[in-house]
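As a starting point, one isolated chain is supplied in structure tokens, in the form predicted on its own.
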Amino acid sequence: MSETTKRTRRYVLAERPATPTGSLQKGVLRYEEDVPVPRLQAEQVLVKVEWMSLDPATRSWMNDTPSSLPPSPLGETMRALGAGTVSASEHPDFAVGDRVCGLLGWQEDAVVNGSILRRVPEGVPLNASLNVLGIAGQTAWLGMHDIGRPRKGETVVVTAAAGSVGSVAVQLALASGARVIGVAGTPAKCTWVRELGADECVNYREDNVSAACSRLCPDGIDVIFDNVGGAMLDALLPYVAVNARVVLCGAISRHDGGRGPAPLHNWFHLLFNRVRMEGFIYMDHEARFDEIEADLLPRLRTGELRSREHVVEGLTAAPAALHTLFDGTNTGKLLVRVGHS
């Protein structure tokens, strides 16, 4: 590919946030227009980014501490998962017009090594590769399949059950024959969780979670699939059954107002009830993504797996939209329809 005059737009991580959680101060992200797209080198691919995913990990990547990945480098395009169409290629496995997904960043055109890309299956919308077939579905599948392992007749509680990961986790637990109780933050979200098939959903803003568990889980909780941590997880621990499994999937409570995580006071129930508690990061299991897709794709195509998306329009809407991950206002998998001029 010869040198091109093609230009693009992007967001650069200009400085580290003042606090590891909470709102971003002005200047953390710098919007750049008229950015030259570099010439492709061997094995590289140019992708027209059409969709971008905003996830809780995005906020962590801005900090100067390792999380699921090393910190996003200062002065470079902010990291994000994305999906789009190949517009030029120097990689033998990808051709112009191929639909792909991967770490494409906060930008409209991405030059990346082809080794980081996955093809989006035929007939599947690009945005689904960032949702049920992407980070949300992969995370839910790994947590339930490897750690939670719900069995027929067991009771499963999923926190942040209306979210992108939680809603898939609810459906996977139901498919195993388990009885599922969701926890969410609004009446509308609880209605959605019940529509997915959950036996009940607790609105933690209006109901006492501990009292609800006492009422709804008389025989104890066999699996906790936790996306929240802190006080939410602490309220559930007194109700774990013998040999229960606690899946540590996320900790969105640590972002609440920048206050950081709340301590666990009820940890001793893990000991008395011989409970297994385990955390995981989906990116550690990249070698299994084909296995996961082979299970999730038929369920998606038949409509067995349902999802909701909260879509914001345009790259410049991304910084403000990021905050909705933690204030409870988003209504599904948070995606940016990047758009091109």
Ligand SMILES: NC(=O)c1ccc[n+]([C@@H]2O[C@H](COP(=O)([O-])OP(=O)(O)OC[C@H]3O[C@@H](n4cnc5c(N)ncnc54)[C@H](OP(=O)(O)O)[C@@H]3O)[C@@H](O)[C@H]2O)c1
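Numbers for residues come from their place in the sequence shown, where the first is 1. Predicted model only: the values in this text are computed from it and were never measured.
The same protein also exists as the form predicted in complex with the ligand; that form is not shown, yet it is the one meant from here on.
Contact with the ligand in the predicted complex, defined as a heavy atom within 4.5 Å, holds for exactly one of 80, 223, 170, 184, namely 184. Among 151, 265, 205, 215, the residue placing a heavy atom within 4.5 Å of the ligand in the predicted complex is 205. Proximity of 55, 160 and 332 to the ligand in the predicted complex is complete: all three residues have a non-hydrogen atom within 4.5 angstroms. Only one segment in the set 238-246, 207-215, 133-141, 84-92 has any non-hydrogen atom within 4.5 angstroms of the ligand in the predicted complex, and it is 133-141. Proximity of residue 104 to the ligand in the predicted complex: non-hydrogen atoms within 4.5 Å are absent; the residue sits far from the partner. At a distance threshold of 4.5 angstroms between non-hydrogen atoms, residue 227 is in contact with the ligand in the predicted complex. Among heavy atoms of residue 252, some come within 4.5 Å of the ligand in the predicted complex. Within 4.5 Å of any heavy atom of the ligand in the predicted complex lies no heavy atom of residue 110. For the stretch 9-37, the set of residues having any non-hydrogen atom within 4.5 angstroms of the ligand in the predicted complex is empty.
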